[in-house]
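Take a look at this single chain, the form predicted alone, given in structure tokens.
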């Protein structure tokens, strides 16, 4: 027998758009294309849910915004349960003060969520990156509340799965690798709408990690025939 809408709400298996309402302040991301689609940049506070494969350049897309935030405050930037060792020279190159970088390696997923919530609501952190595959709706609500209370921005990074569901947070984006950068789809935005996929070009910022698409030329029909004969 199918569950009714009320039963689904009570089990916190669905959420309503009016549970997360109202526009919010933004800060530049460092990439014009992303800022244009987000109407200013990443949220100043709250939670951003990122669905992505690991290692496609997702941190290089998200970190520049936190450089700007760190320059105007004395707060920490926290990384919780990163799947790989963070690149210190890359953080320095971006402009971070490494004395205000905190890395937490929790024993389990429960401790990771607890650590994220404590950091967010402490008021001592500018941003919190959390790698966590199984965040539930009620947990996302707690993180959202903690981030708004502490004036921080949390980035939840989850690998894409067939069961990937939307969380009641400030912003949700799907990322995919692209030759010239990262393909971005905004699937939900507080006070805004979703987007069609678009490419954030990172050739200028990271030329060694991207490649320009070759210029396509018209191939004579005779050449095509000779290749297939």
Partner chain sequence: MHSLWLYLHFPNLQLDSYALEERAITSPLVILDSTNSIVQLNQAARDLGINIQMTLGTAAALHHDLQVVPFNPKIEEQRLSLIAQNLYLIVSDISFFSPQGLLLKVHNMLGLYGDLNTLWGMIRKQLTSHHVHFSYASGHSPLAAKLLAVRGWNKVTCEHEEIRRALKHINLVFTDLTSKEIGKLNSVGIKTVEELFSVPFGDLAKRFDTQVITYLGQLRGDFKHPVDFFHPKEHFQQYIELLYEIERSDVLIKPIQHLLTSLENFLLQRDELTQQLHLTLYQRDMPPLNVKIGSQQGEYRARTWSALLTLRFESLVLNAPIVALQLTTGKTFVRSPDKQDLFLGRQGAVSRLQLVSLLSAKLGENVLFSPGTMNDYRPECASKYTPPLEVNESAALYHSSLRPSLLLPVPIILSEVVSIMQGPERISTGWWDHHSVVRDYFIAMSQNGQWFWIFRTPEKQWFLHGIFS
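Computed from a prediction, not measured in an experiment: that's the story for all the values here. Positions refer to the first chain, counted from 1.
Note that the form predicted together with the partner chain isn't included here; everything after this is about it.
Asker: Three residues, 109, 137 and 144; all within 4.5 Å of the partner chain in the predicted bound form via heavy atoms?
Answerer: Judged in the predicted bound form, none of 109, 137 and 144 sits within 4.5 Å of the partner chain.
Asker: With the partner left out here, check for me: in the predicted bound form, does some heavy atom of residue 125 sit within 4.5 Å of the partner chain?
Answerer: Yes, residue 125 sits close enough to the partner chain in the predicted bound form that at least one of its heavy atoms falls within 4.5 Å.
Asker: Do residue 133 and the partner chain come within 4.5 Å of each other in the predicted bound form, heavy atoms counted?
Answerer: Residue 133: no contact with the partner chain in the predicted bound form.
Asker: With the partner left out here, check for me: in the predicted bound form, does some heavy atom of residue 93 sit within 4.5 Å of the partner chain?
Answerer: Yes.
Asker: Is residue 55 one of the residues lying within 4.5 Å of the partner chain in the predicted bound form, judged by heavy atom distances?
Answerer: Taking the distances in the predicted bound form, the answer for residue 55 is yes, it comes within 4.5 Å of the partner chain.
Asker: Just to make sure I understand: among 144-159, which residues lie within 4.5 Å of the partner chain in the predicted bound form, judging by heavy atoms?
Answerer: If the 4.5 Å heavy-atom criterion is applied to the partner chain in the predicted bound form, 144-159 yields 148, 149, 150, 151.
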